[in-house]
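Structure 1 and structure 2 below are two forms of the same protein chain, each written out on its own as structure tokens.
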Structure 1
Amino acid sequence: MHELLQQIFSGLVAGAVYASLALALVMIYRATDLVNFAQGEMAMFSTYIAWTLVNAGLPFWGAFIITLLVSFLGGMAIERVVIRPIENAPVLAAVVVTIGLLLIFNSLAGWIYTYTVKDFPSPFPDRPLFGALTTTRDLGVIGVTLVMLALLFAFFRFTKTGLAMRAAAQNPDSARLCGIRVKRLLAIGWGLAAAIGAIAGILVAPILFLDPNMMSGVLVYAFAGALLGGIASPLGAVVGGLIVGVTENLVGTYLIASQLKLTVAFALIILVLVLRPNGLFGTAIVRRV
């Protein structure tokens, strides 16, 4: 029983990271109908920025804030420079462009920072809690995710920009007629997604260690989490991410050797999706034709 709880807890920690990245995917999907395959590599790159700042002698939380700001601006710039030109291109072209971005970020990180694995400091002390069930560091990871979720909820519920973003995502044409600058908000959406991704990267880096391929596995699980929750639902993304984290961990511990862990975890997720094609929290899209 103790071991099971321990596994569930460590699954929740991984799940919190998947949830953060899944949130970033959902943000972009809602705004642009696009799955951003480069999200993980963008997060990885942000984490390198944080690593550089910390190594330059900045206090951790100072580096954290600066990284978020830089990522936000970087995300906006990517939307403006890379994504907007292909707004009306076929879906396949858009997919290829985000895959191209993925390759570019991965390769650039390898070029600038080399492929050697780097230690990344954790802001939380590593002490066992509740009779070694979990650690303060793990709780810190989950805590940061929850705080971020609460802030995002408040942003979309109570601020003018947040409401405008929801309007722009739901019905761009009507939103524009109401005087909302839809394109500006798309850019902000990308910026926010990049910043959220940066948080995911910084959270996972002390656990996985920092290298250019750190986020590729995380992205896949985050993607699964986002879809499991329903790709258009931020709350769903978080719940989906947590479920994926726990499932992955339990499958790896109890069901099958880690060789096929990913395959089995995915088979389970797909099974759920076959039964609920719009995800657990998604609603069927009704289209007027």
Structure 2
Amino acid sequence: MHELLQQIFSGLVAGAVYASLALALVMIYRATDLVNFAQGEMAMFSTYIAWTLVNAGLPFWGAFIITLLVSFLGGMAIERVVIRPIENAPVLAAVVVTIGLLLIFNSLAGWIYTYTVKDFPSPFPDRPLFGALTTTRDLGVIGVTLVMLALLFAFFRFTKTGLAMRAAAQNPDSARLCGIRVKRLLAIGWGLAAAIGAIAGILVAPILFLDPNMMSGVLVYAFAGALLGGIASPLGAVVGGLIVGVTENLVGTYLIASQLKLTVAFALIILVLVLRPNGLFGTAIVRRV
């Protein structure tokens, strides 16, 4: 029983990271109907920025905040320079562009920082708690994720910009008629998604170690969580990420070898697409012909 609870707590920690990245995927999808395959590599590159700042002598949380600001501005720039010119292009063209961004960020990180694995500091001590069921670092990861979710909820629920973004995501044409600057809000959405992805990268780097390929598996788990919860549902992204985290941890511990845990994510993706394409919290879209 102790080992089972330990695996569940560990899965929740991993799920918190997956939920963060899944939420970034959902935000961009809701705004543009586009799955950003470069989301993981953008998060990885942001984590390298944080690593550079920490090594330059900045306190961890100072580097954390600066990295989020740089990631936010970088996400807005990507939307303005790369995504906006192809907003009316076929879906396949947009997919190819995001895959191209993935390769560019991966190659840039390898060129600038090399492919040598690096240690990334954690702001939380790794002390066992509750009879070694979890650690202070694990609780810190969950705590940062919960604070981020609370701030996002407050932003979308109580701020004028957040409410405008929700309106633009629901019906862009009606939002334009109401005087909402939809294109500007799309850029802000990409910036927020980039910042959220940076949080996921910074949280997972002390666990996985830092290298240019560290987010490839995490992106698959996050994508599975987003699909499971509903690719257009922010709440679904969080719930789906947590479910995926616990599921892959338990299956990898008790049913299959840990080296095969990534197959759990692919299996979930296939099952969701076949059995419930709209996910747990998604809604079916009916189009009249």
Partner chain sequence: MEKSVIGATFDAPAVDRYPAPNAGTQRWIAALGLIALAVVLPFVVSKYHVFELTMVMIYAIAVLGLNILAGYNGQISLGHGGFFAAGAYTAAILMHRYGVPYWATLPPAALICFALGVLFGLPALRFEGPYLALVTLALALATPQLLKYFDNWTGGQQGINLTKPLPPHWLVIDRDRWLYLIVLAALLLAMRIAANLLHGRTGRALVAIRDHPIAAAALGIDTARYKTLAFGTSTLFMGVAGALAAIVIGYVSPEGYNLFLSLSFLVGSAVGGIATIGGAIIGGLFIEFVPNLANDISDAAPWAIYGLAMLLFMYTMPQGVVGSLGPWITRSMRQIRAQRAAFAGGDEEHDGKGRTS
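Between two forms, the rigid core is the largest collection of C-alphas that superpose within 1.5 Å. Numbering for residues begins at 1 and runs along the sequence of structure 1. On a predicted model such as this, the values are computed, not experimentally measured, just so you know.
J.: Name the structure that is the form predicted on its own; the other one isn't.
T.: Structure 2 is the one predicted on its own.
J.: Spell out whether the Cα of Ala265 moves at least 2 Å between structures 1 and 2 when the two forms are superposed on their rigid core.
T.: For Ala265, whose C-alpha is compared between structures 1 and 2 after core superposition, the shift is 2 Å or more.
J.: So if we fit the rigid core, how much does the CA of Val274 shift between structures 1 and 2, in Å?
T.: Once the two forms are fitted on their core, the shift reads 3.3 Å.
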